[in-house]
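Shown below, as structure tokens, is a lone chain in the form predicted alone; questions about how it binds or moves come after it.
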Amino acid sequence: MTTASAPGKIILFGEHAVVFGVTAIGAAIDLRAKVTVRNLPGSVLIKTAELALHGFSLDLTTGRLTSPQAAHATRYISAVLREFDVKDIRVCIDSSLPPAAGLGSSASIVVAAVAAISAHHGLGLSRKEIAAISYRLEKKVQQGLGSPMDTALATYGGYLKISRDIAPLDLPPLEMVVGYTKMPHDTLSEVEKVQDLRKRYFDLVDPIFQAIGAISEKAVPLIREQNPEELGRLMNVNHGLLEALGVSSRELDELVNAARGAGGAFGAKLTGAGGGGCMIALPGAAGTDALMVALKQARGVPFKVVAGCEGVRLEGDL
């Protein structure tokens, strides 16, 4: 039996603007997806306990599944198994990341699965190879939408600076709180919304992108210097700019306002494409507990996280 786990991710700064080459900052978080593989002669079985699918058989040759729901829930694992032509195996998925929330759950599952199969079958894939294969597979499943940032953060962990290229950043861990709206988000529709706005009002939208990029650049030394007050101010400004682009929502704004108000956060903003999904908050003097309570009272689901955590790792090889 071999188990590997990979972290989720948040975007600290730079959403949407990064699509046009402006700097964004992403971080791995310690909510993780775990994939366990073991030998199972004569069959291929995928079990996804966290999705309330109690186990079912998948024949990769015929594509025979027990339900359409099973096909949708396991499409990432199926892509990995087909990539390596794996037979006679049982795969178990256990994830603490909510799906369709903008926290990189699919990338985490793919990276953990590739790493687990590599170790279980003695393939000896490097981290670079794991990241490249995982990105290609996630992009294929998502019909061209996969982000290299998500699979890179799941593989390498830490922080990444994204513009025209992706580069690691050597920064200290950052304690934060994630608030989940329980509203799934549609990345494609939110990206298209911003692109359409830019086409119609380039002279207004492009300066917003440039301001968002400037915030990303200014944030890096603040994280390095561990200056949460100023970092929080930049988070608040970034959220306001994303609101101006039309990608926030009533549910996200309620959580952001609760975090800043009753939660006493230094700063709070949406993270990811917006329209639903999650927001992030930087704890203030009252600490993380006050933030957790405030987000629960605002009908959100809060998670304590550490940004900048470890990437993919083997949990056991028994």
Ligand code: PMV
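Owing to the predicted nature of the structure, the values given are computational and were not obtained by experimental measurement. One-based numbering along the sequence shown.
Beyond the structure shown, there is the form predicted in complex with the named molecule, which is absent from this document and is the topic of what follows.
Contact between V18 and the named molecule in the predicted complex is found at the 4.5 Å heavy atom cutoff.
Contact check for S147: a non-hydrogen atom falls within 4.5 Å of the named molecule in the predicted complex.
In the predicted complex, T187 approaches the named molecule with a heavy atom inside 4.5 Å.
In the predicted complex, V191 approaches the named molecule with a heavy atom inside 4.5 Å.
In short, of 26 to 34, 255 to 263, 268 to 276, 281 to 289 it is 268 to 276 that has heavy atoms within 4.5 Å of the named molecule in the predicted complex.
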